[in-house]
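Only one chain is shown below, in structure tokens, and it's the form predicted on its own.
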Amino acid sequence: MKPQSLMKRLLLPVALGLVILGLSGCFVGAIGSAVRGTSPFVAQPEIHLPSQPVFPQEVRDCHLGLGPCPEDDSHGVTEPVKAKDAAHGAAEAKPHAKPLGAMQFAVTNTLLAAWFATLVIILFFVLGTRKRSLVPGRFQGLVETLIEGVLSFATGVVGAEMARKALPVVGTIFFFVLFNALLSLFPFYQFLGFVQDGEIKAHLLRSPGTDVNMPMALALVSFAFVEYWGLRAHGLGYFKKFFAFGKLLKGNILGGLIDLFVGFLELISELVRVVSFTFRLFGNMTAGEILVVMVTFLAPFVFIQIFFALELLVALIQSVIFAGLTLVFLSVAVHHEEHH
């Protein structure tokens, strides 16, 4: 039987199966369960915006309210507060998560996921280029296509010479954001965790993009990278766009004050870039994860696949935007015309 004929024969059963699964998801999901007055197929999710510590165990238990906390005030940690109903002798209330102390070290699930993504990226490129040949195989061809794509994109923004210099940092930012977002869609991110009383109290892995620290770290790397090349291209004259005292020193008071005001705006826009980079990535990644979790609760099975496909697109868009804006600001910094 020809492949085309087989595909046509399978099309109707597959479509019918998807419709049945979609209707079943609506029936057993939160919406259908509310109509029938029963419990939903998927338990009501709890959204934890702060990342959760997973190692060491005593810190994790303290954070989740499952065990005693170290009695060291220097770490900013106190004993868990357990609310009781004294009048009725009610059971202890559900413990609340406790924030980590300022000087307390712990490996969080987002940090562990970032390490995992870093390892995957290294293995991906090392294995793809381990046996290089003039006639590349499929894996080597894929790796070369990805790198050439990023290089071509950078060349279109900052030129061929600068693109090769910027590729290590910009390419790392692009692939780090992309791989972290893609890996977080794998199901083991959702079902691997620390279980107590049949519930996952803390996930072992969680998308680093949903932890504001990772987008902020990338934003600071991008900021430092752009400023470094601005200084390297113009020397100390690079600071003239922020502190333009030339006209003021020449006696042109009005022009000097205008230049100072424009320089102040330039400085503010340069610093605000860190904030905008951080919360653009953090907001999109966090909103996507919450959307996937809520749709899974409302209508599991088929409908969630639509939002998974949307998250694949968002992952690519966010990585392109982060790397692209870094290149745009790099171009502005390197080709900035000095004010005389």
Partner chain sequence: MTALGINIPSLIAYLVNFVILLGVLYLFAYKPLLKVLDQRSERIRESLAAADQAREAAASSQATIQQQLDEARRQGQHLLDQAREAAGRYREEEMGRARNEAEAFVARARTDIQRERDAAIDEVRTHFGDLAITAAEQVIKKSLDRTAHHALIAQVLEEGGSLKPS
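Positions refer to the first chain, counted from 1. Just so it is clear, the structure is predicted and the values come from calculations on it, not from any experiment.
Here the subject shifts to the form predicted in complex with its partner chain, a form of this protein not shown in this document.
For the chain shown alone, residue 114 is a contact residue for its partner chain in the predicted bound form, at least one non-hydrogen atom being within 4.5 angstroms.
In the predicted bound form, its partner chain lies farther than 4.5 Å from every heavy atom of residue 269. Although the partner is absent here, residue 183 lies well away from its partner chain in the predicted bound form, with no heavy atom inside 4.5 Å.
The closest heavy atom approach of residue 238 to its partner chain in the predicted bound form falls outside 4.5 Å. Only one segment in the set 186-194, 255-263, 131-139, 242-250 has any non-hydrogen atom within 4.5 angstroms of its partner chain in the predicted bound form, and it is 131-139. Remark: none of the three candidate residues (157, 162 and 233) comes within 4.5 Å of its partner chain in the predicted bound form, counting heavy atoms only. Contacts between 162-184 and its partner chain, taken as any heavy atom within 4.5 Å in the predicted bound form, involve 164, 167, 168, 169, 171, 172, 173, 175, 176.
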